[in-house]
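As structure tokens, one chain now follows by itself in the form predicted on its own.
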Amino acid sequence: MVGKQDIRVRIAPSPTGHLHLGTVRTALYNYLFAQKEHGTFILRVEDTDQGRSLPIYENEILDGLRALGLTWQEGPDVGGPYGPYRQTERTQIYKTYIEKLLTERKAYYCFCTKEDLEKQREAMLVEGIAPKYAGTCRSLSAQQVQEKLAAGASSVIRLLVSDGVEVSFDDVIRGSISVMSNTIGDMVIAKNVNTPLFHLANVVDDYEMKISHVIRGEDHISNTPKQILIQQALGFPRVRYAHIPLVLTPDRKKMSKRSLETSFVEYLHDGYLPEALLNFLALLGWAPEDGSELLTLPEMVERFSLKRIQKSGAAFNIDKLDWFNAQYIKKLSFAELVQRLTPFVPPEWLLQNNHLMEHAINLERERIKKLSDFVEGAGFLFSLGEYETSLLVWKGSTLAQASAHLAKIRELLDSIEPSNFTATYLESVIMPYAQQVGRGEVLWPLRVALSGKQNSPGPFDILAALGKEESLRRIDIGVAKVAGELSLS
């Protein structure tokens, strides 16, 4: 029985593409489990595909997970007692185990060509048999093998898999799963003694790094019996498996690899907060007993259990992610929000008076779903853009009426001391006039003149944010636009 002090889990990404949602969620579940059980969380880079593995992707994966607060105790950047933690640096370790399997006749060289294998496959399909390797090269003698190798014949190394063996395992999430070895056949485990393939390298690394639990996506379920057979051939102890559900599209279809591999970092660049992303991803397939939704990382650790991970796929819903992000934005203090917004806003916004930035944040905090929304939503406060004169007209009204209402409001505002330019006081001054002639007739052209936008916060909040001088200037611009339009008619 694995004790709590012995629990060791790993995330093993391949640096062949961008960090994506599936990898982050798998890393999160491994991290939560390790933290909850006082175990060790390990990061291992599976970079044996040297044609596609790139340092830029490895850096993105490590930087992205760090940005989310998912720190590991062992890995390529921090070292550890069971390194190295990149597969390309572990070639000699794999070679030792491959040679052991060959020596013990648990693996053998296969010299079948692609054409040979295709003929075998077609023959089995004709007979109604599920295709697998026919075992042609099993019977080659040691001398025949050496002669073929010496002659430079192309080869791979296969694991010898006996027929009629039931391979079963108890999945923490899905229960008992069994597969007959007949459906697997003698699988390829290496190109040569120096080049292992995924299954063998994965099994050897998990053993050498003393991994106790493998928590990964359900798309790996079919790989598990193959890896168990390799474990058995090498005399390794069995690890515990937990296969988590796939991330699905909103209509509950399997999310395409292209969608999944959209760089996770792009979500951060688009203004999603790391803590909101973690919270959202944690609930894509798992839920705490008390049904809580808004959870900090320590709260997730406290409530986490592998047994509460669902078996069915979890639908990715961008609206739900937006909701989570909006909730976390609302919880940030002014100073924290300014800090988070700094990469998203023009530098000059931060150099202007703090009063305007504070008003901008107070106005937009409740409206924005992500940080990148802030510039579009609050930009009018820092610079009035161009807008169509017709936008000033309330439905059923006229340009002349809009101009008259703006002139009246300007008259009312002109008599107010700058120190009294608060939303509450301004509302008390303007609303009696608006109630007298019509709220829409008065407030619509005022809001448009101040913001230049069809949709914006209310006019009293905008007036308070802009202050007296800038508010009057913008009202004057609105009046002038109407005058210019009327002069042409």
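As the structure is a computational prediction, the values presented were derived from the model and not from experiment. In this text, residue numbers run from 1 along the sequence as written.
Beyond the structure shown, there is the form predicted in complex with a small molecule, which is absent from this document and is the topic of what follows.
Asks: Should G22 be counted as a contact of the small molecule in the model of the complex, where contact means heavy atoms within 4.5 Å?
Replies: Answer no; every heavy atom of G22 is more than 4.5 Å from the small molecule in the model of the complex.
Asks: How about G478: is it within 4.5 Å of the small molecule in the model of the complex, going by heavy atoms?
Replies: No.
Asks: Is K408 close to the small molecule in the model of the complex, meaning a heavy atom pair under 4.5 Å apart or at it?
Replies: Output for K408 is no: heavy atoms all beyond 4.5 Å of the small molecule.
Asks: Is it the case that Y108, even though its partner is missing from this view, gets within 4.5 Å of the small molecule in the model of the complex, heavy atoms only?
Replies: Although the small molecule is absent here, Y108 would stay clear of it in the model of the complex, with no heavy atoms inside 4.5 Å.
Asks: Exactly one of Y387, F316, Y267, F198 has a non-hydrogen atom within 4.5 Å of the small molecule in the model of the complex; which residue is it?
Replies: Only one listed residue qualifies here, and that residue is F198.
Asks: Quick one: of S403, N325, N202, N279, which gets a non-hydrogen atom within 4.5 angstroms of the small molecule in the model of the complex?
Replies: After the contact test, the surviving option is N202.
Asks: Within 4.5 Å, heavy atoms only, one stretch in 68-76, 360-368, 213-221, 289-297 touches the small molecule in the model of the complex. Which?
Replies: In short, 213-221.
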